[in-house]
Each structure stands twice: as structure tokens, then as C-alpha cells.
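First comes one chain, alone, set out as C-alpha cells in the form predicted alone.
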Amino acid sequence: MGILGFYLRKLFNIVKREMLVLPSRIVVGLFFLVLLLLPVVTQDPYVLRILVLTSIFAILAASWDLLSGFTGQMNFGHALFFGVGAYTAALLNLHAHIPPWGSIPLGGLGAVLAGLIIGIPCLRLRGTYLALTTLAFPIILMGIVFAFSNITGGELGVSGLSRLSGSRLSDYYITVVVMLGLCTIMWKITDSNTGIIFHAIREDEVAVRAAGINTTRYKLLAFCLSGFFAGISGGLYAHFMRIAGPSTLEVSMSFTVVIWAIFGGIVTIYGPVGAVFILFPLLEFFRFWPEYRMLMFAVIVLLTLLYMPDGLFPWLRDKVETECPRCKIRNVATRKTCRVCTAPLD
């Protein structure tokens, strides 16, 4: 009991001193709790299915932000990583009989290899040239899928995969826990020294190189990390839907990921995740009006970006929090002095 009490007090102090001091952290904590406790309220298969897919696409959107948001390597072909992860997991499961818990991580590793294949020839490209080059890769891979239809299934894809788990509730908890864990890891990466270097490359790569940092290595690392997380989401999608087809490589998938990230707020990780949890269920809701579905979706996105150019969640955060001009620590907007250095807050 003494050891348990010690860790409970430690957890209480962390929650009190780190989490409850800022509204954004409280919201994140509530987000975790709501997702984990939602099945207590409802276990409707349709609702759980939407949230499973939302969690999978949240990983995909956050992985795009890790690469394009933090390092500035604009990737318009992010569906490549998703498709490689899906096809790798599907083929390994179907032909090598590897269960989902093994094929999904291997799908992520396959996407890492794809990240290297893309990253190496794109290292000297920037801006529009990089975006167009990355856009070409999923199109090339789709051509390969159609060319080797005896292996990939061609237009029909690879079907008959093992289920992610034995029930929809288990699927929900698997995807939600994996999503929360991977997105937390991505956020920790961006909050580390590596994340600082990623951000510096985005702001001024020449200055970073002049400081003696090997920017080539870090850009390749960003491609590989982003590919791994996107590949995991592709593997989860393949086993949940029990199929991996050309739809996972479509150009529309890549641009949808970009819309999610920009809507929520890039260079945040939490922004794209929150955007997916708003926009994906919203699109499902608009299925009741199929004639106006995409129109209403476009209007919502355009209005948000018109009045919140930095994204929805950074805008909301700036309304309730302010940054100390001296130590750069964030504080509740109603405070007059910084909670750390006591400097006056304007």
C-alpha cells in the first residue's frame, strides 16, 4: 500500500501541477477519457465503426504534420505510405499467414522503406518541385498495382484478410489506444531536440546546415518516421476493412489529409487529430443529404480557414491562453503575471 500510495500521490501532483494549469491540457485529458469511456455510454456498431475509422485517419493526419508541418517538406503524396502499409500488411497476412499484430508493424516498416525511396531523390527539392514529385509516387505505385494484378489483385485489391479482432468493441479499443499512443509519441518527438531541429529546418535550412547539423539525415529521419506512423494506420485500415485496394493510393486521399491538417492547425500534432475527429464524423452525418454533402463540407472548411488562417485549434488556444514574453511559458489568458517567472502578461 505504501508504494501504491507513493505513485498515486505522484500522479496526483503531475495532474495538479502540469495538466490542470492550462485549459488546452484539460481538454486533451478529457478527450482521452471520453474516448476510453465512450463504450460505457453506447456500443452501437455504426458509431464505433465511425470512431474506429476516425482514429485510423487521425494517425495518418498527424503523421503528415510530423513531416510537412514540422520540417516543411511538403508531401502531396502521403497516401503512398498509407497504401504501402495497407498492401504490405494485407499480403503478409494473406500469403505468409502473419496475424494482424505482426503484419501491421511490418506494414509500418514497409512504409519506412517507401519513405527512404521517396526521401533520397527528393532531398535537393523544395517547395512546388518537392510537392509535385511526391505527388507522382502514389500514382506510380498504383500503376505497379495494376501491372502485377496476380499479386496485388488489380482493381479489386486484396481481400479476405484476418479481422483486426473478434468484435467491434475490441476493434474500437485497439485503434483508439494505438491512436492515442502513437499521437503522444509523435508529440513527444516534436517536443524533443529532434523536433526542434525539424522546426529549424522548416524555418531556415541553410542556417541549420551552417550550424553544423546534418540536415540530410534529419530530413530522411522525418520521411521515415512519418512513413512508419502512416504505414501503421494503413495496416490498421486494411485489417479493419479486410481489404487493401487502389483506393488507399488515390490522390484524393493525399489531399484529404492535407485538408485535415490545415483545418486543425499544422505544426501542432493535436490540430490534425482534432480536425479528423470533427470533419470525418461530420461527413458521415452529411450522408443524409448526398446532393449537398461535399458542398457543405467545403463551406465549413473555407469559412474556418478564412477566419482562422492558422487553423481551428491554434485559434481556440490563443483565445484561452497567452504566452509569457520572457520565458515563453503558456498561461491562462486571465492571468496578469506568468505562473513561472512572474513577468507581467500584456
Partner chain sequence: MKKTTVSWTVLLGVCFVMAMSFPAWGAKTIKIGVIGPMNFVQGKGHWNGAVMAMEKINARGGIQVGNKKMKIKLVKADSNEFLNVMDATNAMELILTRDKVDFIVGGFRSEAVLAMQDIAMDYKKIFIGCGAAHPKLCLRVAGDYKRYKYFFRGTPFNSRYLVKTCFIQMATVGAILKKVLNIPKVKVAIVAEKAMWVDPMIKAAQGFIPKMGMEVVGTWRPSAVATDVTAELSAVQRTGAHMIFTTFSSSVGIPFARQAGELEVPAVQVGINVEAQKDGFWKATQGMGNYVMTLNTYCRDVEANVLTKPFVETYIKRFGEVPTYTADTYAAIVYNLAPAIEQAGTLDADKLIPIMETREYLSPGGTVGYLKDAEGRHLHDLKWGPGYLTSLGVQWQDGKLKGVWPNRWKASKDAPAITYKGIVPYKIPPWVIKKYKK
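Numbering follows the first chain given and starts at 1. Predicted model only: the values in this text are computed from it and were never measured.
Absent from the display: the form predicted together with its partner chain. The rest refers to it.
Heavy atoms of residue 146 reach within 4.5 Å of its partner chain in the model of the complex, making it an interface residue.
Using a 4.5 Å cutoff between non-hydrogen atoms, residue 252 counts as a contact of its partner chain in the model of the complex.
When contacts are judged by a 4.5 Å heavy atom cut-off, residue 127 does not count as touching its partner chain in the model of the complex. Under a 4.5 angstroms non-hydrogen atom cutoff, its partner chain in the model of the complex lacks residue 277 among its neighbouring residues. Proximity to its partner chain in the model of the complex, defined as a heavy atom within 4.5 Å, holds among 64, 313, 57, 70 only for 57.
Checking 217, 188, 97, 242 for any heavy atom within 4.5 Å of its partner chain in the model of the complex turns up a single hit: 242. Of the candidate stretches 200-208, 175-183, 158-166, 119-127, only 158-166 has residues with heavy atoms within 4.5 Å of its partner chain in the model of the complex. Annotation for 284-309: interface residues with its partner chain in the model of the complex are 284, 287, 290, 291, 293 [heavy atom within 4.5 Å].
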